[in-house]
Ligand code: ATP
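In structure tokens, the next block holds one chain alone, the form predicted on its own.
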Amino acid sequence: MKIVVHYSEIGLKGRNRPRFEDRLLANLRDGLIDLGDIRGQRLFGRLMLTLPDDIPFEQIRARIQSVCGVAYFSRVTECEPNFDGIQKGVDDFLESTRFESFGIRARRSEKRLPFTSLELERHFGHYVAQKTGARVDLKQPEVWIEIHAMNKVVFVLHGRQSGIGGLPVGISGRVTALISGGIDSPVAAFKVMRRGCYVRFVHFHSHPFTSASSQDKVRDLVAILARYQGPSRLHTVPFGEIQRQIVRDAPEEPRIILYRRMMFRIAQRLAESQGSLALVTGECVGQVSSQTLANLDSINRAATLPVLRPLIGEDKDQIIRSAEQLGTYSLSIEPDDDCCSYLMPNRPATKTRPEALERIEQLWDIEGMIKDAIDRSQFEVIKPVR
């Protein structure tokens, strides 16, 4: 079975395009590797995969639709670059498809071929109409029959399958995402995956002061996200002792911001040890009291790595729609004992000043708290759930 994969944004990369193509091809192979012998090659402006014929196309389709960087793809029949050869490819398509209306689209990337795109469309439009009795409809046909003509080969596409676009995971480097069991942070992680980042995950929990439900839930969320980047690395960090110390030593109102500053310090230390170039969070402006601009500024001051917030300008309805499309929403809304609900203030501050928070933090052995949390953290690799 031959499948041609098309990209969009990668085509704009100029001299760097081969590097992006190689990464996308490697990611496609990784996503399909357990299905059998997979061969891939770069063609002009597209990639071609060759797989065993006995693999169900539905299974292949689900895998390729989870690979970032793919604009669309199709099972194809490979033909000789002449009318007789193309006709055999069109016949192969007609044997597996029934329709009452159709359109023909032809693309010719090699101008030295002895026919034009328009000639291909007219010739095979007439041929298909005669053979099937279907009517030609170039506005809203039941099916499009696509013919892509290159120098030494022509492909007849067996219908387009949409991909998720973006850039291939890994091409932009590594980042570390703070992930909770909520709706926002998995969506934020996916958005940076789609921009070519390989994401490592850090989850903060309050066990044994709360149940271990948030850890189990986050493992399941990361397993869903791993569909898009392969096996994913997760650190689970005990945070309850730090929360209790903050409650003992700090006023109630800025407590959440002090929690977040400590989380950023710990996450940054883990990120730096793993070669990550930025932190990622699911925060957006004004959604909750800790996410006012003043509070986000106070939180940022605790980190020296860049902090990426892909959801910064989205509202909750937009984020929920994204979570539903991603497949994480139904899991995210299940109740759990997240550390964000442990020892919360009754009246959280909506505007904090970094210098005031730093005066409170001078009471603590920050380095000791970071080291203790990391020493007691657990690391695991989460495999994709299919």
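These numbers come from a predicted model, not from an experiment. Don't overthink the numbering: it's just position in the shown sequence, from 1.
From this point on, the text means the form predicted in complex with the ligand, which you will not see here.
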Of the candidate stretches 259 to 267, 167 to 175, 68 to 76, 104 to 112, the one with residues having heavy atoms within 4.5 Å of the ligand in the model of the complex is 259 to 267
Contact residue in the model of the complex, chosen from Q161, Q291, Q229, Q215 - any heavy atom within 4.5 Å of the ligand | Q291
Among V154, V222, V202, A271, just one has a heavy atom within 4.5 Å of the ligand in the model of the complex, namely V202
Would I86 count as touching the ligand in the model of the complex under a 4.5 Å heavy atom rule?
-> no
So in the model of the complex, does C197 come within 4.5 Å of the ligand, heavy atom to heavy atom?
-> no
Is P238 a contact residue for the ligand in the model of the complex, using a 4.5 Å heavy atom cut-off?
-> no
Taking 4.5 angstroms as the cut-off for heavy atoms, does T210 touch the ligand in the model of the complex?
-> no
Can you tell me which bits of 180 to 216 touch the ligand in the model of the complex, meaning any heavy atom within 4.5 Å?
-> S180, G182, I183, D184, S185, V202, H203, F204
